[in-house]
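Given next are two forms of a protein chain, the same chain in both, each as structure tokens and marked structure 1 or structure 2.
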Structure 1
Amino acid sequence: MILVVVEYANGKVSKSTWEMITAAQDSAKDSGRDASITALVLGSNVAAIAAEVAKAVDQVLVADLPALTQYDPELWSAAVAQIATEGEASLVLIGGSRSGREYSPRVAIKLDAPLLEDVITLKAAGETLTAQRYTYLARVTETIEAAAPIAVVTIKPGVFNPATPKAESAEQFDVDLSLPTPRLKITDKTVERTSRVGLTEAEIVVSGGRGVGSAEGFTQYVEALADQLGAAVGATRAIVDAGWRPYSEQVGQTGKTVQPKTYIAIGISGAVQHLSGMNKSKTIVAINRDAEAPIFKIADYGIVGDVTQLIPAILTELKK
């Protein structure tokens, strides 16, 4: 079987999970392996999550335990490794989120399996798994292979098209786990509250760079345009380092990787570190006063002009 570890947030299955299911379907084609797709849901009070994902897979395994209320890499890796072993999985798919990148190596060690990280394509033929991933700041695509009875793979967010739920639901099964004694104790948790769509989930992202002039300018131009379009807000590292925006909004090599349908870059010159986090967006719109800015080399649409004049004009037209 192909085991997909479900990611979810705020009571809903995350977009990354639907993308992993598509990756599982791709790898199952002409693979010669057991192509059944099993979703594993870990957590507490996750009945709604299990019911939602059951519409896109062959079966759902549910570990609904108080011990799994909070994410713990040791517990998650132990649970995934146990289910993969008991179910004789040939492939384990984990999201390329911050938590997924943290516990996936632990799973690979427990299973004595190869680990392929941040893949963007996935094909299987017998026991040989072939994948591709970006390297050198996404300038190069490399092909990697794993030849083993089982492999652990993390899927790069925003690359695969999300799977479409079916009308019928797969059968669900409760599982018993042998979990280690937790060594991690969470004493406090801070949740960022926002009315906007999440950066990695958004179909439209509006990002700002130093060209917006100031923190007030960011609010006046970037946030205003994002609100008008129902978009997520992103920022360059320079903006975050200056304290204008929180790290959670940073896009780039040391921030988040996004691949929305539309990415609007306002006052962003286009340093390679930023481009590596957004250059695979479907459509890129760049607004900058410098006609020679590197961002224009990858933009589908470019507007050369003063942000302080262009954005108010665009907002006026949108409000009409």
Structure 2
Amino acid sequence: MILVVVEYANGKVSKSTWEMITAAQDSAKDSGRDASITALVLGSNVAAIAAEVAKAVDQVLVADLPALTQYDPELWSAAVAQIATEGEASLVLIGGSRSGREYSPRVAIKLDAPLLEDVITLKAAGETLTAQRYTYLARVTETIEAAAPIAVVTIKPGVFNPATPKAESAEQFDVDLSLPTPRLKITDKTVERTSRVGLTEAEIVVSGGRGVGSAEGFTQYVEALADQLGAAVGATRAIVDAGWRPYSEQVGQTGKTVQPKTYIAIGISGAVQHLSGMNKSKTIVAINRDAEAPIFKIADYGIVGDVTQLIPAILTELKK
């Protein structure tokens, strides 16, 4: 069986989970392997999540425990490794989120399995798995291979088409886990919530860089354009470091990777670390007053000019 560890947020199954289910289906096609998909839901008060995901898989395993209220790499890896072993999984799929990428290596070590990180394609043939992934800050596409009875794979978000739920629901089972005591104690959190569509789920992302001038400039130009287009907002590291925007909006090597249909970069120079988080976007639009800015090299459309004049003009035009 293929084990998919369900990712969810704010009471809903995340898009990344539906993408993992497609990756699981893709991998099993013509492989001669057991292609049944088991979803594993870890957390506390997750009945709604389990019911939602049951519509797209063959079986749902639920560990609904107070001990799983807070994500922890040691807890999650112990749970996933135990279920993978008991269920004799051949493939364990984990989301390519920050947490997924953090605990998946522990699962691989526990299972003595290869780890294929952040894959964008996945094919199985007998015991051999072949996958592609981006390397060199997303400038290179590499093909990797592993032959093993069980493998751990993280799925790059935003690449596979999300699976569509069916009418009937798969059976759900509660599971018993023997869990370690977490050693990383979380004492406080700063959760940054936005009323806009999520950055990694949005069809259009409008991002701003230092060229917007100030935190106020970001609101005046980037947020205004995003709201006009129903888009999510993103930011460069430079302005996150400057305190203009929260870290949760950062796009790039140390922030989020996005792959929207349209990415609009406003006052962003286009450093490789930023590009690595958005260079797979379908259409890229750039506005920058420097014609030599590297962002224009990967832009489909752009204007060389001043943000303070161009964005108000674009907003006027959009309202026509």
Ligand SMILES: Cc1cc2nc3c(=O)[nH]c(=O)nc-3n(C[C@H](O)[C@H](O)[C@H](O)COP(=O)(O)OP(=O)(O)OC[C@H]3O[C@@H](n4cnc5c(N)ncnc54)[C@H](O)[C@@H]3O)c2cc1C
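Residue numbering: structure 1 sequence, from 1. Keep in mind that this is a model prediction, so the values were computed, not measured. Throughout, rigid core stands for the largest set of C-alpha atoms superposing within 1.5 Å between the two forms.
- The first of the two structures is the form predicted on its own.
- Core-superposed comparison between the two structures: the C-alpha position of residue 12 differs by less than 2 Å.
- Core-superposed comparison between the two structures: CA of residue 23 displaced by less than 2 Å.
- Comparing the forms between the two structures, the C-alpha position of residue 269 differs by 2 angstroms or more, with the core used for superposition.
- Look at residue 291: with the core superposed, its C-alpha moves 4.1 Å between the two structures.
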